[in-house]
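The chain that follows stands alone, in the form predicted alone, written as structure tokens.
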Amino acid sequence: MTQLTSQLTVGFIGLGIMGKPMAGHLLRAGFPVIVHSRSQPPVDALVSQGAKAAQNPAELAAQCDLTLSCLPEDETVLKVWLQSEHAVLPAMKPGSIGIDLSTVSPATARQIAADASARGISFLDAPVTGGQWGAEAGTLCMMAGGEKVAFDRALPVLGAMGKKILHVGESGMGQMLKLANQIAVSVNMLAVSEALLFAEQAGLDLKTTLDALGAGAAGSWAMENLGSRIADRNFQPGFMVKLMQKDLRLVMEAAAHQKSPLLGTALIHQLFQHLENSGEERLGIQALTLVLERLSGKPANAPEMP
């Protein structure tokens, strides 16, 4: 069985806000990297750093010992791995490993894993958390579901992109843990937004408020990273509303199946729906504060997105 070392050829499909810096970390760790993305500029940028480019996912996968993807939703993940003329799995070598870093439904992860197993290929669903900041710093948390043997083999690759790498169970369980993460992230985003709106309307300085709240029990990643963006009226995305809404739809589907009461999550899902309805779905999730401001009667306009 192939041992994963820096000589292993790694493929990376999907070079967006998260994928591009993650692939960059692989290059800096010494892995030979082949990349493919729908957008050409990030491909060109990584090629200038030493990566090679592939014309399509199948061409990439045929050359790689381990193939990674970081894609926006179930439909694209299924198309890239299984359902297109240039799909990844049919092109992969037996004994190789596939890893999807996207957030998709557990059912999608299990479907790909089953097809991979039938072809003699190992597959891990390993969604990540930490946002754009974590991807750029190489400090992401990765939650992997699938065979432990495959996880152990892939650990040097995953470790080049993240700080905390966990094996959490069988196929699909990485996605389940990521959905639990999104519950906490979204509810915390509401708490930060409400606290800062309350402080501002009381006449408090938001920078001072953040300094105080971040130092005590109210402190959180969202308070530190997204609270400061709210104070600066910066709604550029580290993680877009439309992607969080996609994740929350998956959460609510799983919650209905499990009969889990998610009252706070359901409320936030509806509040984000306002931003989608207003054409602001490409803003960062800190734009939740705009919804609260509008409910308070305060005109709240976001900057135009590119």
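Start at 1 with the first residue shown and count on from there. Quantities reported herein were computed from a predicted structural model and do not represent experimental measurements. Think of the rigid core as the biggest set of C-alphas that the two forms share within 1.5 Å after superposition.
FYI, the form predicted in complex with another copy of the chain isn't displayed, but the following is about it.
Of the candidate stretches 272 to 280, 32 to 40, 66 to 74, 251 to 259, only 251 to 259 has residues with heavy atoms within 4.5 Å of another copy of the chain in the predicted bound form. Interface residue among Ser105, Ser96, Gln111, Asn181 relative to another copy of the chain in the predicted bound form, by the heavy atom within 4.5 Å criterion: Asn181. A heavy atom within 4.5 Å of another copy of the chain in the predicted bound form is found for exactly one of Asn188, Ser228, Gln132, Ser84: Asn188. Contact annotation for Glu136: none of its heavy atoms lies within 4.5 Å of another copy of the chain in the predicted bound form. Contact between Glu194 and another copy of the chain in the predicted bound form is found at the 4.5 Å heavy atom cutoff.
At a distance threshold of 4.5 angstroms between non-hydrogen atoms, Gly264 is in contact with another copy of the chain in the predicted bound form. Contact check for Thr209: a non-hydrogen atom falls within 4.5 Å of another copy of the chain in the predicted bound form.
In the predicted bound form, another copy of the chain lies within 4.5 angstroms of at least one heavy atom of each of the following residues of 152 to 166: Lys164, Leu166, in sequence order. With the core superposed, Ile17 shows a C-alpha displacement below 2 Å between this form and the one not shown. With the core held fixed, the Cα of Glu85 is displaced between this form and the one not shown by less than 2 Å.
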